[in-house]
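First, one chain by itself in C-alpha cells, the form predicted on its own.
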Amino acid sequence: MVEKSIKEINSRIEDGSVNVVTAEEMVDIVADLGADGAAKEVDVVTTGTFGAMCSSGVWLNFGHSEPPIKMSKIWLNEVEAYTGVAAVDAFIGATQLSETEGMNYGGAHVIEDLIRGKSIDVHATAYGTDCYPRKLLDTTLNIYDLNQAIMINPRNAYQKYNAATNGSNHKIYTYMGTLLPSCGNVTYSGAGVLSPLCNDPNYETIGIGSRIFLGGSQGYIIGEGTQHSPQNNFGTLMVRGNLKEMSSDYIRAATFEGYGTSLYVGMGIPIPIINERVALATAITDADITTNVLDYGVPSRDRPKLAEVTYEELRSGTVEINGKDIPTSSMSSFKMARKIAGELKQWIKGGDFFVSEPVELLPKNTSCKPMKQRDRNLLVKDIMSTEVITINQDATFHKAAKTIVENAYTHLPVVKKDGTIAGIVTAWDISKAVAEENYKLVKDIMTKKVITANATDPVEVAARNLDLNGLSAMPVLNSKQEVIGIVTSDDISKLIARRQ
C-alpha cells in the first residue's frame, strides 16, 4: 500500500523532483499503471474549473474619511453594497444589479473593473453620530486606494451541476442561460474530468486551509460552501483570495439575459496523491460523471427529471430525451479549465506553489434542505377558471364573434381537432378583422404563438409572464397540451386585493 505525506510531497516540490500531472493526464496513467503504480509515480494531480459562480463577492475596506463616516448605505458605480458590519467595510455581491443600468451592469462588473485597475465612483450615506458626524460621501477610487479587497465566495466549484432544458412552449431565461421551448436545447455547466470535487469526492485531501488557484492567484478553502450536499454528489466550497493579486483573465463579469449578472471564477485545486485510493479517484472520466436533465419550464424547486446523462454525452453536442436528439451547450469553459489545471501544474513544478495539509476535512454526510415555509404558495390551479369555452381552428369568424359576445369573453382559446392548443383569438382580433373587412376562418385571424401556463405554476410566475408579455389572459394546459382552464390578470388582481 502506498502512503505519502504532504511534507514528503512538498519536499519534492522544493527540490524539483515532483511529478505533477493534470486530471486529464491521470486517466491514462492509472489505466496503464493501475492505481498502485500511479500512486507511486505521481505526486500531485491538478484540476480546474471556470464557470459562472453567482455566490461570489468581495469585502472592501475604504479607510476612514475626514470627517469620519459610518456608512449606512454605499453604492459603487451605482451598484449597492452591504455595509451593516462596520463604519467603512462593505461587501459587494456579484449578482447585485445597478440601480440605473439594470441587468447590463452589476456587482460582478464592479469586481472585474477593480481588478483591471479602473476607477470606481463611490457614493455613501449615513445617519451621523458624534464619533462619525459625516452624512454624505462622494469620491472616486481604484483597487490600490483600498486597504483590503478580499474575495470571499460563499459557494463555488459545485462538484457537478444539473443540466437544464425547457419543456414549456415559450422561451425562458435562467441562470443556466436562455432555454428554447419544447426542449429545443440543453445547457450544462462544470468541468467534468477536471472538476476539482469530482477528483476527490471523499475529501481525503480537500478541506479547510487547502491552498488553491483562485482567480489567477493563490487562495484558500475556508470551509464547505453553502448548500454543500455531498450525499447527493453536489459538494461546494467556500473560498478566500486577495483580489489585488487576481487577474481579469480568470475573473470575468457576465450578464445572463432575463436573469441578471454573475461572476465567472477560475479555480484550480491540487490533489496530493497520498495513497492509491486518491490516485484512483483522480482517474475519473467524463463518462463516469452522471447528472440529471431537469425541466426548467416547470417553475418549481422539484423540477421534473427528463433524463440522466453523462458529461461525455453532454460534451458530445447532443443528448437524447424521449427519443429525440437535443443540442447541448456549455455555460462554462472547458478550455479555460484546462488552462487553469495546466498553469497550476507549472506553478507546482516550478516550486512556486506548495500543497497544504487541511486543518479540518470537509463534511461528507450532509445534504441541502429546502426552505421551511409557513404557508403554501398559491398555484395557478387555485385561481384559474375551469369553465373555459374553446373554439375549433376551422370554425368561422362569425362563430368566434358570436361566442365572444354571448359569453362576454375577451379571449377565446383555439384548439385543433385533437383538442390540443392551436392559438388564441381575442376581441381585438375580431375588431381588426371587421375593420379590414377581412372575414375569415378562426385559424386565419388567431394568434398562433400562445403564451400559456401550467396548473402547477406559482401564481407569481403567471403574473410575471402576463406582465412581461403584455397580456391579460393565458390558457392553462395539461401535459397533453389540452386547455383545462384560463387565468387572467383580473384573477390575480382579485387575489392581491383579498390578501390586502
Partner chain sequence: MMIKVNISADIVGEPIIAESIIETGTILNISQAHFDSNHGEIIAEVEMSQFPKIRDALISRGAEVAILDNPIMRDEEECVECGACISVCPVKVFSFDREWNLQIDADKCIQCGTCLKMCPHNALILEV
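Numbering follows the first chain given and starts at 1. Here the structure is a predicted model, which means the values were calculated and not measured.
Same protein, other form: the form predicted in complex with its partner chain, not shown, and the subject of what follows.
Novice: With the cut-off set at 4.5 Å between non-hydrogen atoms, does Asp382 touch its partner chain in the model of the complex?
Specialist: Output for Asp382 is no: heavy atoms all beyond 4.5 Å of its partner chain.
Novice: At 4.5 Å between heavy atoms, is Gly297 in contact with its partner chain in the model of the complex?
Specialist: It does not: once its partner chain is placed as it appears in the model of the complex, Gly297 has no heavy atom within 4.5 Å of it.
Novice: Ser329 versus its partner chain, in the model of the complex: is there a non-hydrogen atom within 4.5 Å?
Specialist: Output for Ser329 is yes: heavy atoms within 4.5 Å of its partner chain.
Novice: Within 4.5 Å, heavy atoms only: does Tyr264 come near its partner chain in the model of the complex?
Specialist: Output for Tyr264 is yes: heavy atoms within 4.5 Å of its partner chain.
Novice: The chain here is shown without its partner chain. Which stretch in 127 to 135, 298 to 306, 382 to 390, 247 to 255 comes within 4.5 angstroms of it in the model of the complex, by heavy atom distance?
Specialist: That would be 247 to 255.
Novice: To verify the annotation, which of these, Trp347, Tyr409, Tyr173, Phe397, has a non-hydrogen atom within 4.5 Å of its partner chain in the model of the complex?
Specialist: Contact check passes for Tyr173.
Novice: Just to be sure I understand the contacts: of Asn77, Asn199, Thr187, Thr205, which is the one whose heavy atoms reach within 4.5 angstroms of its partner chain in the model of the complex?
Specialist: It is Thr187 that has a heavy atom within 4.5 Å of the partner.
Novice: What are the residues of 193 to 213, in order along the chain, with a heavy atom within 4.5 Å of its partner chain in the model of the complex?
Specialist: Contacting residues: none.
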